[in-house]
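The chain below stands alone and is given in structure tokens; this is the form predicted on its own.
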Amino acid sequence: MNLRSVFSFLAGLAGMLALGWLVFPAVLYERIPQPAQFSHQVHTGEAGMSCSDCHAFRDDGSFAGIPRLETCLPCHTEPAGETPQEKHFIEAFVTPHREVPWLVYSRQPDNVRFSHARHVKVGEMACEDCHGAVGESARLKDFQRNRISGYSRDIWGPRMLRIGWKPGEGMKMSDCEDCHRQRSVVAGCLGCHK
């Protein structure tokens, strides 16, 4: 084997790896903007709200998840700011009293059983432990849906290689297992799977 064929092989290999790790995810995931823009930063910073003000637990202890429009109405019957996003929210959802069809970044597969109450109330975990610094975001990022599975890219995390992965950057089974191992919590297969 001569030096030229080795270089050709390595160049081809590098090209295919780049194609697989850079181009494939762009093709695999479609970007869909959220139906309305929202600033967690304004709500948690300027308005002084906490995650649980909007993402609350029901009386039975189950997690209510994405807030319904009625949660927003006490403050947003009229525009509270002057941004085009606020105006759109009022005109498209508040005035016609229409629920916002939010795209959920953290929807787990159907075979997964997950209790927010157990993790937040019993495990005393912060929202940021799994969801990252969402409360500091000035705008909602586009929903990236996997064209094959239909799930959000947030389940996998921002990078395919997951090098430099930080807590809150993915919600794969291995992320849950790592957290359980670090906290010495044994759940077993049926503790999380239906």
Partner chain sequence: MAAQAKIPTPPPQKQRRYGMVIDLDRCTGCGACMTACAVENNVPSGPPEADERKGINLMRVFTVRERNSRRTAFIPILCMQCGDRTPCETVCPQQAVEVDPLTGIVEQMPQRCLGCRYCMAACPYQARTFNWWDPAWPAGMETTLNPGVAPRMRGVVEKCDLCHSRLHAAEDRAAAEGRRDLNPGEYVPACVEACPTQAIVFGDLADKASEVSRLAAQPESFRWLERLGTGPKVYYRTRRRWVRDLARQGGAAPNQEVTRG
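Residue numbers count along the first chain shown, from 1. Computed from a predicted model, the values in this text were never measured in an experiment.
Beyond the structure shown, there is the form predicted together with its partner chain, which is absent from this document and is the topic of what follows.
Q: Contact with its partner chain in the model of the complex for T95, defined as at least one heavy atom pair within 4.5 Å: yes or no?
A: Contact check for T95: no, nothing within 4.5 Å of its partner chain in the model of the complex.
Q: L22 near its partner chain in the model of the complex, any heavy atom under 4.5 Å?
A: So L22 does not count as contacting its partner chain.
Q: Even though its partner chain is not shown here, does A18 get within 4.5 Å of it in the model of the complex, heavy atoms only?
A: Residue-level check for A18: no, no contact with its partner chain.
Q: Is the gap between N111 and its partner chain in the model of the complex 4.5 Å or less for some heavy atom pair?
A: N111 belongs to the contact set for its partner chain.
Q: To verify the annotation, which of these, K87, H76, R107, R118, has a non-hydrogen atom within 4.5 Å of its partner chain in the model of the complex?
A: None of the other options qualify; the answer is R118.
Q: Heavy atoms within 4.5 Å of its partner chain in the model of the complex: which stretch among 52 to 60, 37 to 45, 131 to 139, 162 to 170?
A: Flagged stretch: 52 to 60.
Q: Heavy atom within 4.5 Å of its partner chain in the model of the complex: which residues of 178 to 194 qualify?
A: Heavy-atom contacts to its partner chain in the model of the complex: Q182, R183, S184, V185, V186, G188, C189, L190, G191, H193, K194.
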